[in-house]
Ligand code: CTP
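The chain below stands alone and is given in structure tokens; this is the form predicted on its own.
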Amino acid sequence: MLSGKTILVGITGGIAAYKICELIRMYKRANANVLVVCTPNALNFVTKLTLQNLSQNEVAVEEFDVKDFKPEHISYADRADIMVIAPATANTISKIARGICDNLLTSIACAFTKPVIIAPAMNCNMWENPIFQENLHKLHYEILEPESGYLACGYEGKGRLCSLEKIFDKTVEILTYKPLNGKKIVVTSGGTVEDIDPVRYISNYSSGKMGLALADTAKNLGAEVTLITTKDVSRRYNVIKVKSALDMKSAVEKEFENSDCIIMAAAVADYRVKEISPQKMKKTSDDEITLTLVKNPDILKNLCDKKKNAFPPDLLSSAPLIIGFCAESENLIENAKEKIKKKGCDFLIANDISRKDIGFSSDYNEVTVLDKDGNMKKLERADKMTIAKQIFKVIYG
């Protein structure tokens, strides 16, 4: 099932390194070409000779062991279809998150433009360390979280390398499941910023994480992706940075005609200040200040109207899919049903922002997907990358 695919396995210095010998065998039995790169510390747990015999390829360790016209880290990044780092230590994960390239494995990871799977394994206290978790969440890769159980250090908790079957199955899924090949997906994310004066503005608590997860997932599923966001984001697909609702409207409209699907995950401000002060507004002796707000365009509704006017009923199948988001703090389903009817979009993703475990800035979400025919599908609480994959499965089957 992996015939013709080249898998780059990165092994770091953790006790679970010995388990990767069997993972390599699993890949080889599936007819994959397996390349192995180790950190120097990984060889304290598994030998280079063993890995070479199992992979039937030379194992790379040293940073500057250049054998042809290409530096090793670029050569490996170009040759492989996917990179699987397992076990991934807290040290290596934090280095990759911060862009540190002090060995061959981290240099390859920095240069790698194709899918990456990271399977962490470490002591449970290291896993729960907030600084490590911050580094982990900077990565836009496929993270296979460790399992709970008895650890080699004697502790009991979360930190065991996930099952090899899970790593193998995820590799197969990423390399073979490409339902969005040939499609252009446009995603909006983040909360818009509406200026009051040069130092003050109106905005909201949207982190942009759900939109970013959707864009990353679409890319992994084979799509050509454009992300329109209010956040500072660096990705290896097209990213358009905007600020206000009017900026976002203009950017979305430019992308509309050439897109196959537009996902409006951004939290667009309903109102903006009527007159932006060119200078900082000074504090006065008055206890109150009045700002006059005017309504922003309804980007989602405008897109749906544009689609309706541009595509007659017999050509609707070739029109872009339009997916909206509905963030509610009460009466979630009732409000979502009313919104999809009012806006006229193809799908609506409803999420409850009042819950602390899935609200703004959380790395997790729980949503209900509604379609224009009245069907509903609840997606139970999971990390936002998982939710994003499930959303695409609902949309595209």
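Not measured: the values here are computed from a predicted model. One-based numbering along the sequence shown.
One more form of this protein should be noted, the form predicted in complex with this ligand, which is absent from this view; the next part is about it.
The closest non-hydrogen atom of Ile196 lies beyond 4.5 Å of this ligand in the model of the complex.
Contact check for Ala266: a non-hydrogen atom falls within 4.5 Å of this ligand in the model of the complex. Taking the partner from the other structure, this ligand in the model of the complex has no heavy atom within 4.5 Å of any heavy atom of Asp352. Residue contact check for Phe112: none of its heavy atoms lie within 4.5 Å of this ligand in the model of the complex. For this ligand in the model of the complex, the listed stretch (224-232, 136-144, 266-274, 98-106) containing residues with heavy atoms inside 4.5 Å is 266-274. Contact here is defined as any heavy atom lying within 4.5 Å of this ligand in the model of the complex, and by that definition each of Ile299, Cys326 and Lys339 is a contact residue.
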